[in-house]
Every structure is written in structure tokens, then in C-alpha cells.
Ligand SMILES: NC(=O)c1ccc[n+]([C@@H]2O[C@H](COP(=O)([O-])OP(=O)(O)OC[C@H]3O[C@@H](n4cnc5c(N)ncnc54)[C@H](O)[C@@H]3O)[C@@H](O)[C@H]2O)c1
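Have a look below at one chain only, the form predicted on its own, in C-alpha cells format.
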Amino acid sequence: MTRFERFSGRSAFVTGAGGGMGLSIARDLADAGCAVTGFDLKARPDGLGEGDTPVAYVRGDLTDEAAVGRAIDDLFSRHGRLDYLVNAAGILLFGKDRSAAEIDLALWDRVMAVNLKSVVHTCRHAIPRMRQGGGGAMVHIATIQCLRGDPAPQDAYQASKAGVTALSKSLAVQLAGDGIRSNVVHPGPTLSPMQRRWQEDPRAAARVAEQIPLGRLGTPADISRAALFLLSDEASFITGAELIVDGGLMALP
């Protein structure tokens, strides 16, 4: 079996599939033969599911647990199994997300609901389905920002992603006996829709790239390749791990 067929006959639920990293992961899984259901508040992206494996798409709000549950139940009813869960959705509110000492607490609650509580929603509905199938794998997209401080803080975003990381480790230990693995990918600076500012200002993007040992910004494809590895059988002995995909940035002194 080639790497392009290694997910054949399996199914995945991918949040944030309306763009960026989630879209790239959904496309790559489908290209590898996986039956994918994408979930996002945004409209279905053009070109999603144009390959040999169709992609279902649900437009919904991840903070609505009932909507998440219905989407996962529908996936299971159509395919009879749920093998993979990818939590790639997230928001970062530039200019509004700041130090916890001054942030608007309504905004704090919104970021926590989308970035962290939504992961609880997906997990609590996906885990029973994975158990029914004898196992599975989860990948949660966090950020290197939750591993360090920042002189220009975005505390809600960083704290929410740190929570995702802690939750992933707890789930990894809880679910190991069920054959369910849980891992985190920490992207570094990545050219995704969340970082539209770099696309609008190439000089700013170049300045950030100069700080990265590999000399470039990441792409959604870089994150997708890491996620697919962690989901795959090649990573069958990896759980509770954090994979940093940042071009070497966190290795700097």
C-alpha cells in the first residue's frame, strides 16, 4: 500500500476545514483514500473533494455541542466507523487579544469557547465512536506560542492552546487502553488565512522568515504532513506527544 492509499477505508472528522491548515489536512486525507467530513463556520471551500474520494462538509458552529454531535453521528451512520479526529479550528483576534490584565473578558470567553471548549465537544462525541471501532487517533493543532511568553501577549489564544495541549496528554493516558491515540502539532509562523497580514505585507513576512533557521515561513501543507504522520499507522507507538513544526525556531537560544 502506498502512502496515498494508507487511509483507504477509514473515516475522519476535521474541524476548521473551511481554510488554512484544516482545509489542507482534509484534502490530504481525502487524497490518501480517507472518507472525510469537514466542519467549519465558513462556507465550503471551492475545490474540496474533487478527487476520487468525496468529502462531506457541514457548515456549523463548534461551540454548539448538539450540532457537533449530529455531524459526528451522521458520519458514523454513513461509514460505520470513525477512525480519526482532527481539531484544527481556532481564532486569533489581532489587536483585541492582549494581556490577561486588560483583556475584555467576553472576548476571553469567546476565544476559550472556540479554541478549547470546542475540542471537548468533538472529543466527547468522537471517543465513543472510536471505541466502537476498536481504536483511533486524534491530532489537535496548537501553537508554539503556548510554549513561551511573548512581549506582545495574546493571552487568550496562548492559554487556550496550552489547554488543548494539556487535554491531549490527559486523553492520551485515559484512552491508551482503548487503542485511541492523542497528539498535538505545534505550528510555528505559518502562511495561513489567520496570518493574512503577512500576505498583505511581504516585507513583514520576510522579516519573520529571517528569524527562522530554515529561512522561510511554514505552509498549511507542512502542518498537514505532520498531522497525517501522527494519524497514520506509522505513528502507532506515539501518543501524548507534541510535534513542533516551526523550521527550528524553538531550537534557538
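Residues carry their position along the shown sequence, with the first being 1. None of these values were measured; they are calculated from a predicted model.
The next section is about a form of this same protein that is not shown, the form predicted together with this ligand.
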Complete contact of 138, 171 and 230 with this ligand in the model of the complex (any heavy atom, 4.5 Å): no
Picking from 98 to 106, 174 to 182, 75 to 83, 157 to 165, which part of the chain touches this ligand in the model of the complex when contact means heavy atoms within 4.5 Å? 157 to 165
Answer for residue 225 alone: is it within 4.5 Å of this ligand in the model of the complex, judged on heavy atom distances? no
Test of understanding: in the model of the complex, would residue 190 fall inside 4.5 Å of this ligand by heavy atoms? yes
Any chance residue 62 has a heavy atom within 4.5 Å of this ligand in the model of the complex? yes
Close approach of residue 42 to this ligand in the model of the complex, 4.5 Å, heavy atom: yes
Only one of 126, 71, 111, 89 gets a heavy atom within 4.5 Å of this ligand in the model of the complex. Which one? 89
